[in-house]
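Here we start with a single chain on its own, the form predicted on its own, put down as structure tokens.
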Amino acid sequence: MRIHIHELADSPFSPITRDEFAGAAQEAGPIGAGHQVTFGTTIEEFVEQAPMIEALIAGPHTIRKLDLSLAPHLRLIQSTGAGMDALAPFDRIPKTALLLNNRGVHADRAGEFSIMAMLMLATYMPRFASNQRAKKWERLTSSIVAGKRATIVGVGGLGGGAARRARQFGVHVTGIRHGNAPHPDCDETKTIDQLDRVLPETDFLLLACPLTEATRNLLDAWRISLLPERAGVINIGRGGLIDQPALIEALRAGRLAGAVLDVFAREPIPADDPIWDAPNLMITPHISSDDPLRYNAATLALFFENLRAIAQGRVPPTLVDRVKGY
């Protein structure tokens, strides 16, 4: 297969190196052998290679900037990201090409970040950070997180990893998903239409679902009002899941204990965005699920797993449903 690996210079994703690909191909065994592989970082290099490309590996930021109609033999696109909102409504993706993401490779890192965020919220760290900037001495004591209740919206790779870590600390986990099938790392699962009933008993609300038209502004002013004042909000999904001005207002009014946000309505956050000055808030720059030592290797392993499934006539494990948007 003619495989082209492309990452534009302004992409937030670390480019896959030749050594990384060679190592993953060797690990994959026979399915990783015999491929012709090219690399590119500019539009011109893609245009040059496009007529021969059968499989493209690239981040969504890069994919949306490439003219895929120049690649008539393209039959497989492996995104190096899990979120597909940057490519929706998928009109630039050839209908004849399978679109795959790398969901699942983020689980371990997302789990560690999420339990860190829960512990920070439980021990008032966002509030202490605000107090430090204000030179305010305020003694606040806290108890352990065991027995507290986390509501995790979306229990795929990100949310599932968060649920697993949270339960290790004795946190009761309610998973919110489209169906009510049990999840091995949740104490209970409920459907999205039951979310409003769960919010009043929530200590930690963690958003880890894909951004689609159905989930945009999922946490709006009304749902924020349903949370108890002791609740903390964590977002590792997409910034568009939250009505950001409504969250800022709630933090300023003291209607929430705090928030840890890794994703935002606009990224990078503009210097004049009021979210910079919101109290009791910890900001991280969209890094909650990134592991520089393992990310590319795990993505390539998943790519070869997808190739193996296709060769065996099976549905590749990370095939994107373009109707659902993930």
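Residues carry their position along the shown sequence, with the first being 1. These figures come from a predicted structure and were not determined experimentally.
Missing here is the form predicted together with another copy of the chain; even so, the following discussion is about that form.
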Within 4.5 Å of another copy of the chain in the predicted bound form by heavy atoms, the stretch out of 286-294, 22-30, 65-73, 47-55 is 286-294
(message) Please tell me whether any heavy atom belonging to residue 34 falls inside 4.5 Å of a heavy atom of another copy of the chain, as the geometry stands in the predicted bound form.
(response) no
- Query: Does any heavy atom of residue 222 come within 4.5 Å of a heavy atom of another copy of the chain in the predicted bound form?
  - Reply: no
Can you work out whether residue 129 and another copy of the chain are in contact in the predicted bound form, taking contact to mean some heavy atom pair no more than 4.5 Å apart?
yes
* Indicate whether residue 218 is a 4.5 Å heavy atom neighbour of another copy of the chain in the predicted bound form. => no
None of 249, 187, 112, 201 but one has a heavy atom within 4.5 Å of another copy of the chain in the predicted bound form; the exception is 112
If we test each of 138, 213, 193, 229 for a heavy atom within 4.5 Å of another copy of the chain in the predicted bound form, the one that passes is 138
Notebook entry, point to check: If you check in the predicted bound form, do 108, 120 and 271 all have a non-hydrogen atom within 4.5 Å of another copy of the chain?
Noted result: yes
